[in-house]
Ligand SMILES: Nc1ncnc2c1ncn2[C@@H]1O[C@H](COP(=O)(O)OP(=O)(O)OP(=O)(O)O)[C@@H](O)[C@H]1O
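Only one chain comes next, encoded as structure tokens, the form predicted on its own.
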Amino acid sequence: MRDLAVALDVGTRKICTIVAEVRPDDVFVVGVGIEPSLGMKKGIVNDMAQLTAAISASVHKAEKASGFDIARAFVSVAGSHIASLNSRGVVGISGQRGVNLDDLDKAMEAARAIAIPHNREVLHIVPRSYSLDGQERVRSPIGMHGFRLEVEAHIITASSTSVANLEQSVEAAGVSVDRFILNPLASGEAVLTDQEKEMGVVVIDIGGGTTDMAIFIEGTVWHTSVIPVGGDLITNDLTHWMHIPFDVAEAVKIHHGSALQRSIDPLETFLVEPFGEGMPTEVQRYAMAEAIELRVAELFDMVRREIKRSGYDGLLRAGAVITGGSAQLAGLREVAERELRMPVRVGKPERLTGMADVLRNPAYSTSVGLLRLGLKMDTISRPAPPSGSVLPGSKIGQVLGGLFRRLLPADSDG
């Protein structure tokens, strides 16, 4: 049987299931299922029955397209309940031999030994850098000699109840969670280059309910954050201003909206049908763009303040990469550059093969990155699945182990 993997991106606005064949040099998409999301608000489950039904519909579409039954999946997680902190772990090692993987694991265990509230759980532990006998910023100490190994780790935690509700919704749809992966880490895997990660970059994934951020420096994650505001805030503004349903406001935002007022002709108008039985109303694009630009500027001001709070604002030489469904809004990149005061580009998934045309869009960065990062983290061999079912593959994970397997909590059973 072919080695297959599944990603299940459960967002506020959409649910995307991807089934892919794992190949030595790429991931070949064999099935995609996209369904509007229900039962989620700002990345948190608020109606389990609705969410389960939406997940089931997405999974069924992917199964029909691929011809395989889906048993397990890598699942995305976000929401305002996400938090992160940095920690250090120190271990003594024998100077008679070089540092080995067991030493790295012990150092990570020591970094993980911090007080975490009983209602929270560790989602990821990411090693930022090592030091050996006082030598700082060691990228990989494997094989090096020394007596004192220290690791600086970035620890990402989540609300236990929020994760449990999401897991129950997924499992009620007939899919077991292979592991949860934080949205901005997945998005970064899909849209960032190795050079950007090395030089210092912030990936900003603007979804419907949340804006997810991750700062990468020296090739690894240094800071993560979730802002509980996304593109839906703009859409809600339009529903109040024009007295139109949410789905109509979303379509208006996509087809007529712009975050840059100066790019719009002041005389340009379009028609919308408000609630009630009245005649269509004429709307000025210029006036609408003014309202949208104010909201977008407000969002990026929140992003800028979060970057400042991280303390790494002076280290982002590669600037920012914005992605997510709302990144497609006209003029948004220009406003981002103005508010963040750094170079900005819009990122979308690249290097895709198979049934991947629909996925070459910023809206699916998390979905694609979820698959790739999940495979990199998947270093644990699994028994062969039943005929016709899909389990996340492990070949790529076995080859690309090392750093990424430490994204897992130390007590994870995989």
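Start at 1 and count along the sequence shown; that's the residue number. Predicted model, so just to flag it, every value in this text is computed and none were measured.
Although it is not shown, the form predicted in complex with this ligand is what the next lines describe.
The shortest heavy atom separation between Gly324 and this ligand in the predicted complex is within 4.5 Å.
Taking non-hydrogen atoms only, Thr235 approaches this ligand to within 4.5 angstroms in the predicted complex.
Heavy atoms of Ile254 reach within 4.5 Å of this ligand in the predicted complex, making it an interface residue.
Ser169 falls outside the set of residues with a heavy atom inside 4.5 Å of this ligand in the predicted complex. Exactly one of the stretches 338 to 346, 309 to 317, 205 to 213, 115 to 123 approaches this ligand in the predicted complex with heavy atoms within 4.5 Å, and it is 205 to 213.
With the partner omitted from this view, the residue of Ala363, Met377, Val368, Ile70 that lies near this ligand in the predicted complex is Ala363 [heavy atom within 4.5 Å]. Residue in contact with this ligand in the predicted complex (any heavy atom within 4.5 Å), chosen from Asn100, Gln328, Ser131, Gln284: Gln328. Three-residue candidate spot Thr17, Ser66 and Gly354; no residue lies within 4.5 angstroms of this ligand in the predicted complex by any non-hydrogen atom. Of all the residues from 166 to 193, the single one having a non-hydrogen atom no more than 4.5 Å from this ligand in the predicted complex is Asn183.
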